[in-house]
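Consider the single chain below, provided in structure tokens and representing the form predicted on its own.
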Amino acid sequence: MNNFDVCLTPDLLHLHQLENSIVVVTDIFRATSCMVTGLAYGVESITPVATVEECRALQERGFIAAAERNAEKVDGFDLDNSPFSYMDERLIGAKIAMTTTNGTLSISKARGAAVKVLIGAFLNLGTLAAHLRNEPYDVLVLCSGWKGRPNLEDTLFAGALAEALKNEYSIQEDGALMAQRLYNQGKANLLSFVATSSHVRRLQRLGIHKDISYSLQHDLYDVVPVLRGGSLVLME
């Protein structure tokens, strides 16, 4: 039986072995929720980059560019970090470049060493779990957190995935056990459970209530984004 583990923040990633692992990157509020939504709505690819400068360079090459820092859109870019912005019909078939405070940085840290990098959100939880049940590798959920610190919503997603895979994977490490138990404690009402979390308070100050409730919905889409050649595309 393969192992399932959770890295609570990218700053702890060096403590984990990635060579035989599929890394599932999650950033519930809101990068990976945007990625899942965009690809489900027909975006051709999303190229995640760590810096605003890299994103601007791709914008100059013709990409539609999305840039977020500190939960707000960066001036001069095309898209913000709201999942609802990715439901636009004009984005069907588009190539998007994206940089965010936490999520795209996590992807950049995971790529290269892992067997593959997948994108996870509550929005595609069931389809992602079904895919992982057939994989012969260990699974590591990389929670993007907030500027190196753990956060509640990403940890809850990691716990939800652990709960979904508990019969197929060995869950022994404390990070995974903590996440799983936390999810089971809060799963009856996730919106209420995260109401006082730091990032929810941060987003609420910006009036982004609908993004929060949307991103906590389970199984809206049957897609699994995978990183291929530096871009996220749909798993075939």
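Please read all numbers here as calculations on a predicted model, not as lab measurements. For every residue, the number given is its place in the sequence shown, counted from 1.
The protein also exists as the form predicted together with another copy of the chain; that form is not presented, and the subsequent description refers to it.
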**Fill in**
Assert contact_stretch over 174-182, 49-57, 62-70, 36-44 against another copy of the chain in the predicted bound form, heavy atom within 4.5 Å, equals 174-182
**Prompt:** With the partner left out of view, is residue 209 within 4.5 angstroms of another copy of the chain in the predicted bound form by any non-hydrogen atom?
**Reply:** no
**Prompt:** Taking 4.5 angstroms as the cut-off for heavy atoms, does residue 126 touch another copy of the chain in the predicted bound form?
**Reply:** no
**Message:** Whether residue 187 contacts another copy of the chain in the predicted bound form should be assessed with a 4.5 Å heavy atom distance threshold; does it?
**Reply:** no
**Message:** Taking another copy of the chain as it sits in the predicted bound form, is residue 21 near enough to touch it, meaning that at least one heavy atom pair lies within 4.5 angstroms?
**Reply:** no
**Asked** Among 82, 131 and 133, does every residue place a heavy atom within 4.5 Å of another copy of the chain in the predicted bound form?
**Response** no
**Message:** Within 4.5 Å of another copy of the chain in the predicted bound form, counting any non-hydrogen atom, which residues from 1-33 show up?
**Reply:** 5, 8, 9, 11, 12, 14, 15, 16
